[in-house]
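Coming up is one lone chain in structure tokens, specifically the form predicted on its own.
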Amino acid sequence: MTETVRTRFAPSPTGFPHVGNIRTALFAWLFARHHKGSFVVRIEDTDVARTVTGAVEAILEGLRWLNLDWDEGPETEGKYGPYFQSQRLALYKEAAERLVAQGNAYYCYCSPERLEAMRAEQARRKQPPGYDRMCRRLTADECARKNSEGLTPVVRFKTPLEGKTAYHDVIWGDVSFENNTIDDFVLLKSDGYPTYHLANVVDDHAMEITHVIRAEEWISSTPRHLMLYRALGYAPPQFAHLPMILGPDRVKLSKRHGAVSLIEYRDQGYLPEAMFNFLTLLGWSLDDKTEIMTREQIIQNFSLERISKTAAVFNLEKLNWMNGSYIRSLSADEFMRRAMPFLEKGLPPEIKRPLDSDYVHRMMPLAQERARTLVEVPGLVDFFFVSELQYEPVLLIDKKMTREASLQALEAAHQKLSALPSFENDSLEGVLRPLAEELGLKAGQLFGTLRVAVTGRTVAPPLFQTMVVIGRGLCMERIGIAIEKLRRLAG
């Protein structure tokens, strides 16, 4: 590729960033980084009525979380700014007026009421919706008279009535549309704000964007944009339309499939590097087997040609598996650093803050082996912190054991553990495995009873390592409480 690649991510702040539009940003970023080009962020904030407060900040925060740095855009000004469309209105007005002067566009004075009635009639006749071109035939004098009446027009593009508009999509190949299926679409609204069709063409040209990478839903709009490029005398960029993202039920991903906002995934304890890897595989692949890849590997191998036309399926189980893999690849110190905010927030309020970092450091390897997300960590380790375990006494009776056998096992274990010279992994195993044999139990039966006694759970990290972290004193206290629970259970 001889020209300098320039891609853009152009979100509308009408909502918070979801995985679909962030996947678009990721692919545009990867393509730019692979070709050592520029990645531009442009905020398309011309839909004033639907703008959501805080959406711009959330979009930029999501990009930062995934480490998708931008070369130009908000907070990183470049020579093609400003990067908010609301600050570029004069450019769109100038382009619209030029198109009218050239005969490629016209002023339309139709009221909202007339347009609504027109659409209702089209629906009644089962006709395809679209503007009926009534104002296309207005003369200059008629326009002047309507202006003098105080009517404020929109500007519509004068779509050719015959022929085809075709283009080559990098992903979809050759695409063609009959011009007579495209209505005279609005370019400039009566409030002076542009539609997406005009603004994205004007800005992509002004910002020298070479590749427009966007969602599949814009395929049918691309002929409109190509007509505008031609009418304005601009050379069009290359287009690549990304396949849709579906839920596991093969329906377009939405809130009913769970979290959709990228910020929600961050707050649920997904690692940005795992999410980066996972989103990359929604439509793109290196081969038919490689799943875990570093950022550098992905950048080096990324190409638009390897993007599939088939809709990508957002598989939460796969994301959880991948996130767990990334968690286990962290160093112990790094895992603790990332997990600590979730512990501070997620552990019961009665637990003293700030948490003892040395104590936390000892238990973190046990959680790291089992956690799939960071938000799960407090639930995996809360028994290390609470002063009193809450569990049903019957859980102390392991399968194929009686209350009496469980009580005898706990009393014997209490006695043996009290006499241990050191409370370490090897010494615990050295005394408890032989004890199970002594008692005529399987090791799993004794360990299961002890596990409930010291953690309050039937499933927990490896028993001996857990007991070492809890410490001899607290273990003995909890086993003693378990013995009393079983004794009371007899009554």
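Quick caveat: nothing in here was measured; it's all calculated off a predicted structure. Residue positions are given as counts along the sequence shown, with the first one as 1.
There is also a form predicted together with the RNA; it is not shown, and the following applies to it.
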item	value
Interface segment, criterion being heavy atoms within 4.5 Å of the RNA in the model of the complex, picked from 407-415, 284-292, 337-345, 141-149	284-292
Triple contact flag Lys93, Glu264 and Arg353 to the RNA in the model of the complex, non-hydrogen atom at 4.5 angstroms	no
Touches the RNA in the model of the complex: Pro112 (any heavy atom, 4.5 Å)	yes
is_contact(Ala460, the RNA) in the model of the complex, heavy atom dist at most 4.5 Å	yes
Ala206 within 4.5 Å of the RNA in the model of the complex, heavy atoms	no
Touches the RNA in the model of the complex: Tyr359 (any heavy atom, 4.5 Å)	no
Candidate from Ile299, Val100, Leu226, Ala312 lying within 4.5 Å of the RNA in the model of the complex - any heavy atom	Ala312
Heavy atom within 4.5 Å of the RNA in the model of the complex - residue from Ala240, Cys135, Val154, Leu395	Val154
Residues within 4.5 Å of the RNA in the model of the complex, restricted to 116-139 and counted by heavy atom	Arg119, Lys126, Pro128, Pro129, Gly130
